[in-house]
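Below you'll find only one chain, the form predicted alone, shown as structure tokens.
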Amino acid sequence: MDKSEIDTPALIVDVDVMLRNIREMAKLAKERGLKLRPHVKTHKVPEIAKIQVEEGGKGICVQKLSEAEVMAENGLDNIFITNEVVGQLKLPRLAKLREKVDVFVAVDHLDNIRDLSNVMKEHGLELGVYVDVDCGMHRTGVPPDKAPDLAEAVTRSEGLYLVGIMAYEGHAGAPRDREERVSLINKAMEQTLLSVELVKRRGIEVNEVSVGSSATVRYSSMFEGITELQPGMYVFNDYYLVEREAATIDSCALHVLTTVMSRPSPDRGVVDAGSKTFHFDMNRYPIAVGVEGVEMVKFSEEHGWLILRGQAQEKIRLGDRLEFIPYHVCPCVNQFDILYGLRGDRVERVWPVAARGKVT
């Protein structure tokens, strides 16, 4: 199949760029003596997750129980759900999954520890647990001084065992200013490692300290005491990471292929991909690649509104195909059923996005 035969809008992946990204992150982890546990919520494709493991990953991360179920059904057998699994509807599913594969979860509440213990005891299982520490993002997790109480509760709970500490410094990657990012990463790692020290003072062993986002991991991985990295977006990269100096245009492996469906005036165009294609969670538009003078300025659900400048006003014609780098790749991928893996203009792989829409 040739690229020209792909109907639009579509997600196309440069296989060679993707493999280079995967190998470079694996090399970084190996050189720093750390374990790499890629977060597969970015692509949701079991076949790509297997490539990441084959290239050096010790296992994978997912964000949702349903994602973990899909990955397990497709042969992935070491899965960290980097999230709290809470509620009487989910816990029996978690136990069923644990019967099949090694699975781990994060906790930030004593009640959740109790409920996890009860369901694991009921099924005669043991579940690995990371204490979720809030290192500055203020989403889930407990402050460092609360981590020892949770860690001790895990060690005293039948059916559970403590793996270590997890902290997610995603907030530290948000500023575009490098000095501000570095300052936030420093503070986040200080909080993370403080929690480790406080837990150890209780006489509790901490085997793993798991951190990392694609925007911060090259810096946070330098801190002594970190053992495990869990970046996700690096597999494809996106313009968010380009702006934060964690990627380049050339390392963005995934593009959205679109068709110019309207040319209402010399300085305007419309492509067949809008908010239902790209998503708009960060309120930033995708970036056109391979052509100058094209700027996405507005979305409708199925339309991307373009401003055309300079030579683009003459060059861009009805039916032309344009490619864009998503600003945030993760929700963009979740809009699609398949990814096309290309080498040059030839389609080598067609990957079903098997965990698409898995939000429970």
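Counting begins at 1, following the sequence as shown. From a predicted model like this one, the values you see are computed outputs, not experimental measurements.
What comes next is about the form predicted together with a small molecule, which does not appear here.
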Partner proximity in the predicted bound form: F236 to the small molecule, non-hydrogen atom cutoff 4.5 Å
no
Indicate whether Y168 is a 4.5 Å heavy atom neighbour of the small molecule in the predicted bound form.
yes
Whether S214 contacts the small molecule in the predicted bound form should be assessed with a 4.5 Å heavy atom distance threshold; does it?
yes
Should R139 be counted as a contact of the small molecule in the predicted bound form, where contact means heavy atoms within 4.5 Å?
yes
From the list N112, S157, T277, T82, which entry has a heavy atom within 4.5 Å of the small molecule in the predicted bound form?
T82
Quick one: find which of 68-76, 269-277, 206-214, 96-104 has residues within 4.5 Å of the small molecule in the predicted bound form by heavy atom distance.
206-214
